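Next up is one chain by itself, shown in structure tokens, the form predicted on its own.
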Amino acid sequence: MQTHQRTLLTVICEAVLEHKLEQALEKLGAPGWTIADARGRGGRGVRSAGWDTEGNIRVEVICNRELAQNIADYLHEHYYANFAMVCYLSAVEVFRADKF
């Protein structure tokens, strides 16, 4: 089966941002996304998923590189200064290119 190159944008951030991120992803044209609870430790200490708004979430978007970069730039501009957030891009291969 043939694969196709796409970019995976991963965002780990405070759960309180979930609805705002969903609105931003919709506005910016993301073809879809996955959101899951996340736990861990980082520069702002240990984060658990014990409270709906105090935990972290992990957001994943598979799309073309340009869109992934645009979304990352938007998140950086609007949220990095005031919220715990990490974004990174990874090259991935997908089987169903029409979905991404």
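As the structure is a prediction and not an experimental result, all values here were calculated from the model. Just count from 1 along the sequence shown to find any residue number.
This protein has a second form, the form predicted in complex with another copy of the chain, left out of what is shown; the following refers to that one.
- Within this chain, E66 is remote from the site of another copy of the chain in the predicted bound form, having no heavy atom within 4.5 Å.
- Remark: G55 does not count among the residues lining another copy of the chain in the predicted bound form, judged by a heavy atom distance of 4.5 Å or less.
- In the predicted bound form, another copy of the chain stays beyond 4.5 Å of every heavy atom belonging to L28.
- Not displayed here, another copy of the chain is kept clear of A24 by more than 4.5 Å at the level of heavy atoms in the predicted bound form.
- In the predicted bound form, E26, A30, P31, G32, W33, T34, I35, A36, D37, A38, R39, G40 are the residues of 26-40 with at least one heavy atom within 4.5 Å of another copy of the chain, listed from first to last.
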